[in-house]
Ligand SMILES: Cc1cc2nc3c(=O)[nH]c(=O)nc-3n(C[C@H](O)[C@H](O)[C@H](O)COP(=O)(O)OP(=O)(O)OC[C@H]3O[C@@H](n4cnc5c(N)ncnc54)[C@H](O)[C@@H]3O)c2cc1C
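Read the single chain below, which is given as structure tokens and is the form predicted alone.
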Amino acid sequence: MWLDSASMPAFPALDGDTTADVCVIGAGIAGLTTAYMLLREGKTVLVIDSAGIGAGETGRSTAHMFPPDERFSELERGFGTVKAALVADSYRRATDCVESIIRVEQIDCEFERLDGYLFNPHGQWNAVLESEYAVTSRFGLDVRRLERVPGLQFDTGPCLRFARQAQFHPLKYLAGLARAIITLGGTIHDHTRALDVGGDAVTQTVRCKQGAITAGAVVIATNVPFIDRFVKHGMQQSYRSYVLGLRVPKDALPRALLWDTGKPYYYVRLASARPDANYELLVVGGQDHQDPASPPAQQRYDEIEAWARARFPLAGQVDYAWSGRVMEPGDGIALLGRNPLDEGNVFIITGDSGNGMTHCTAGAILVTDQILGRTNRWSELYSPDREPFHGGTQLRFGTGP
């Protein structure tokens, strides 16, 4: 869907040995945001990707920015009030960061601030909504209890409204980031696969088929780190989430983000079609499962389509169907920062937990601070070296790609 409506820049493969202050592996939102921020701080940065800009999971995202689907109430129960509040802070700052970059670099990527709604598919106020409302109210978040999501043809029943969330076109955003990186003096190489990383606390070498990159720091931003030595606990599991894009009449539905609390659960947003089209695309995702699993993909798509048509009878033909891979940490918190099984100048951004646009941007902010030697109060929260929590938190495994 995103590939059909974006023109992505292409870059030559690496050709021989080279050097940079920082080598970033992976040209999705995590890698390009990190590269952009470091370049703004005066670092020389080289980005490599085995395929090209946005060819990985960013291009399979539904590109919404919403609170964590593990729920703040569950995070508070597992990590305590202070750390759960830090999660809220990181999500707010990540969303603000994306908006700021778009404004500064004048990136036309359909960014919108809009309200998001969490509702119970059974149309009732329940303990999940109650506990989430209580915790977010204590954190001072702009969350309101409503009797239903306004403007929809179907009655959702009681819901929580999270104000000023966001959505955008992920590949148009990456294309704009890539242009900004080149303007700032950065280098990007497509079709350049990192084979290994090794070195010491001063210098790391990224070995590729086409040559070696020597850098003072390396950021591995590949969704799934390509090296085995990336976390000491084996904290991640792989999940898959499925998405459909269905035509709906233009301006027939409210501009909003929707999530339900069901099992399986679903998430919804709208996206623009062609500028001259008289329809929009209703983007509906869900049916998450652990990889690999059955039933087959087509059955997952059929279930999503049935769910969507039951609630949005004006939905027309299905134009797009795709899936994305979600990396789920065992305790629901992303793995961002120094890799514990490497020297202190190797960093990872992984464990998006279905909130990839938010976690990856927060990871770029955090890793940039660490490379520059600045204090970041999220460091302990997201540290890949932390002791995983496996207690009472009931994880929901991803808000979708």
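What you see is a predicted model, and the numbers here were worked out from it, not measured in a lab. The first residue of the shown sequence is 1; numbering continues from there.
One more form of this protein exists, namely the form predicted in complex with this ligand; it is left out here, but the text below deals with it.
Of the stretches 340-348, 60-68, 38-46, 367-375, only 60-68 has residues with a heavy atom within 4.5 Å of this ligand in the model of the complex. Contact between Cys360 and this ligand in the model of the complex is found at the 4.5 Å heavy atom cutoff. Proximity of Gly332 to this ligand in the model of the complex falls outside the 4.5 Å heavy atom cutoff. Residue contact check for Gly186: none of its heavy atoms lie within 4.5 Å of this ligand in the model of the complex. Thr136 falls outside the set of residues with a heavy atom inside 4.5 Å of this ligand in the model of the complex. Residue Ala194 is the only one of Leu160, Ala215, Ala178, Ala194 with a heavy atom lying within 4.5 Å of this ligand in the model of the complex. For the candidate set Phe226, Phe79, Phe111, Phe312, a heavy atom within 4.5 Å of this ligand in the model of the complex is found for exactly one residue, namely Phe226. For the stretch 239-264, the set of residues having any non-hydrogen atom within 4.5 angstroms of this ligand in the model of the complex comprises Ser241, Val243, in sequence order.
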